[in-house]
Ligand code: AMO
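Only one chain is included here, represented as structure tokens and corresponding to the form predicted on its own.
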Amino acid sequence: MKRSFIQQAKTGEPVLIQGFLEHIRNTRYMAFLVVRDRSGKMQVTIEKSAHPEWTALIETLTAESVVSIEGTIQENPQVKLGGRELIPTAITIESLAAPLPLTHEANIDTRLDYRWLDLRGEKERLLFEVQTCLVGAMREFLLQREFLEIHTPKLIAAASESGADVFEVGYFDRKAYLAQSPQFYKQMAMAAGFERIFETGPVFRAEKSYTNRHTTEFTGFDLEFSYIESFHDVMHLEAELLTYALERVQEKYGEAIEKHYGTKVIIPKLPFPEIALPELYRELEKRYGYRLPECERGDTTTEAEQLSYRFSMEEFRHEFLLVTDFAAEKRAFYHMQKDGVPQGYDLIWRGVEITTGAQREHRYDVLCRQAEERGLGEDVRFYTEFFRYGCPPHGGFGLGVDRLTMLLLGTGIKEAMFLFRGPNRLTP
């Protein structure tokens, strides 16, 4: 018999359901099982006198064992799980579970030790349904605009940024590095004339950070596109992309997110508000008394990002804030500059930076000079060669899928990933 998912199984017809045993109540005359599959839950009601041959089998059942049960579904308004129950005709134990080492009260690190058990919950599954919808919607948005999806190498010969915070690996007779981003190869695609590309893939950062938003490996959603007039084109595309994706998530999972995570999916209004970094610091000082030494004002701090959310909500009634005019030394060497000001931005959502985007420097001589000024000339020679034979003006950005999920649902980064990687965690 072909398997039926619980939510789709029809009343009054023979069915086969398969899943985990979530609950077992074994009394003298009756046994009640709750079976869970990815679509929902079903009560299985067993009258022992009708099946004395199952007595020993029922005694062996344990929570979270995997079973296959054939039978007929019938209406029963007394059953809390949708007013239906399955009256079985055959029961097969596919896998008998040992006593569970995990309780609902376990802390996050213990839960990560048994992540495959932790992920069996309805709330945890919802997170990945939401994440799938979010990434799928972003991909859909770009495909509608004729972007190509590419897949770039994660083993690279030189660091993607400045040489710091990279994982070094042995590569036969030489050194290689795990990619901090697909940045160089996204721009190679621009030099190849692809014009519009995106990628979803792993990103590695060798940072010894122990915050609730940092991880040493995460999933990045990156894009790059050509023939832009300024970095404002990049900002506007990202705002449209995120608005489109959040609309799709709200339509499909808004109610479930509010039920399980206690947070609402807010659809942002276009355009996103924008402010220059020096002006932002003036506002934060005037409104909240937040002050930094002048030498540190070329970049944002964690506290400034958090306060910028409060400022954006008060000033613009908007969860997103685009921040521009960072100090040149705080931006990557490949960012275009005008009068010494990098032509890029950070996007802050709910008090956390989710994007650094920019117009890239596409002129070979200028790019080489900026690389030399950072002491990167030889290390990035293979990259600067991409621009030697002509390259259109272009820009792009990257988003962390896991950080987006974390902020959308109000969790920590460890819960927002299938498997978290940090300085102290490399298993399971």
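Residue positions are given as counts along the sequence shown, with the first one as 1. Everything numeric in this text was worked out from a predicted model, so none of it was measured.
Beyond the structure shown, there is the form predicted together with the named molecule, which is absent from this document and is the topic of what follows.
- By the criterion of a heavy atom within 4.5 Å, residue 85 is excluded from the residues contacting the named molecule in the predicted complex.
- Taking the partner from the other structure, the named molecule in the predicted complex has a heavy atom within 4.5 Å of a heavy atom of residue 357.
- Shown alone here, residue 320 lies farther than 4.5 Å from the named molecule in the predicted complex, counting heavy atoms only.
- Residue 196 falls outside the set of residues with a heavy atom inside 4.5 Å of the named molecule in the predicted complex.
- Checking 274, 207, 247, 233 against the named molecule in the predicted complex, a heavy atom within 4.5 Å turns up for just one residue: 207.
- Taking a 4.5 Å heavy atom cutoff to the named molecule in the predicted complex, the contact residue among 145, 213, 252, 123 is 213.
- Per the 4.5 Å heavy atom criterion, the named molecule in the predicted complex is contacted by stretch 183-191, the sole one of 167-175, 312-320, 183-191, 115-123.
- Contacts between 387-425 and the named molecule, taken as any heavy atom within 4.5 Å in the predicted complex, involve 396, 397, 398, 399, 400, 403, 413.
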